[in-house]
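Given as structure tokens, the chain that follows is alone and in the form predicted on its own.
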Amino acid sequence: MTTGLSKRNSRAQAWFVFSFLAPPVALYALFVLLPTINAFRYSLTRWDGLSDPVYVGMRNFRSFLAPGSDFIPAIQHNLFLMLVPGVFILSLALMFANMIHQRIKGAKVFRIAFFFPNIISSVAVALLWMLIYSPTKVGLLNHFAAIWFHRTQPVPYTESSRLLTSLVPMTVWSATGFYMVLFLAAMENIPETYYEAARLDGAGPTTLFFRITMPMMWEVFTTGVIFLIIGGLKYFDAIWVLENGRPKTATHTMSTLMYSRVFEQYNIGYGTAIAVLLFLLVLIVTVVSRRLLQREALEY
């Protein structure tokens, strides 16, 4: 009787778990897995979204390497926006997190101030920096340049030829706070006894940071690097806003090129091929980065 009762309880428990898991799994399959599978299928076709898809095999992927293709400059721009701002973001985030971790005066105020840009939407951030970069009288950057350097001609910072460089300070300003909070949370979990023991042995601030803080928070640092890589490969909002929805070859990234091909030129096969390649690149780069940055976990 006890065995039969336990079996009924197990079945009831299984049905209870299934009743909770089935709806979200079904929704995930419907809105994520099925479109993903269809994207792989449509990437092998020539399709305008209205007529029947025509199978073309790997032609869309081969066209990425064709002379005059916009794809190669687009992926180069992604790499630029991943590497250049990423170096500044990681460096500043680590520096600010370590300073706040040392309980400097006004640490709470700095924590709020640095994280503030992250509560603003990316579109609002782009519009804000569009005003800062404006060549008119409202443009703060050109206004201060005219006062300090007596520059008479305003610099068109949002011009297509300058836009990628102008995106660097904007990206650093908007993203540093998030990574600072991420790293600070990891630093706060490190036992203070390690620092006290190291100080008794004569260790200075630099030694403490590189011998205790970084090794202890390496897993979180690795996660931050992966977030930056993914963000750089998916860069879209700021370019689309600053280019007024019309990016050019000089400013296209993979995401803007994909959107432009699908919703402006109705070349859905080409656009989904970019989406598939972007998915594969994010997956491969994430796995490779994880492998390269992997270290033996330190327990404390």
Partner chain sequence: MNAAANRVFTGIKYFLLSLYLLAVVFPMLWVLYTSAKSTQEMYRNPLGLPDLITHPSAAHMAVFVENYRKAWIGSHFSDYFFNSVKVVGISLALILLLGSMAAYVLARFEFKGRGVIYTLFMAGLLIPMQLILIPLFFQFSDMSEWLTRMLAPPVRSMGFGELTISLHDSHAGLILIYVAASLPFTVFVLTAFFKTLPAELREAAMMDGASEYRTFFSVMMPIGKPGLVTVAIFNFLGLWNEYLFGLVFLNSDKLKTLPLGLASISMQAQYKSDFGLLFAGLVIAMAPALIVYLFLQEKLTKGITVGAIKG
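Residue numbers count along the first chain shown, from 1. Everything numeric in this text was worked out from a predicted model, so none of it was measured.
Only in words, not in the display: the form predicted together with its partner chain, which the text now covers.
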Counting any non-hydrogen atom inside 4.5 Å, which residue from 79, 123, 72, 145 sits next to its partner chain in the model of the complex? 123
Location of its partner chain contact in the model of the complex, chosen stretch of 190-198, 79-87, 166-174, 207-215 [non-hydrogen atom, 4.5 Å]: 166-174
Contact of residue 27 with its partner chain in the model of the complex (heavy atom, 4.5 Å): yes
With the cut-off set at 4.5 Å between non-hydrogen atoms, does residue 33 touch its partner chain in the model of the complex? yes
Does its partner chain get within 4.5 angstroms of any non-hydrogen atom of residue 228 in the model of the complex? no
My question is simply whether residue 223 lines the interface with its partner chain in the model of the complex - judged by any non-hydrogen atom within 4.5 Å. yes
For the stretch 254-292, return the residues whose heavy atoms include at least one within 4.5 Å of its partner chain in the model of the complex, in the order they occur. 255, 258, 259, 262, 263, 268, 271, 272, 275, 276, 278, 279, 282, 283, 286, 290
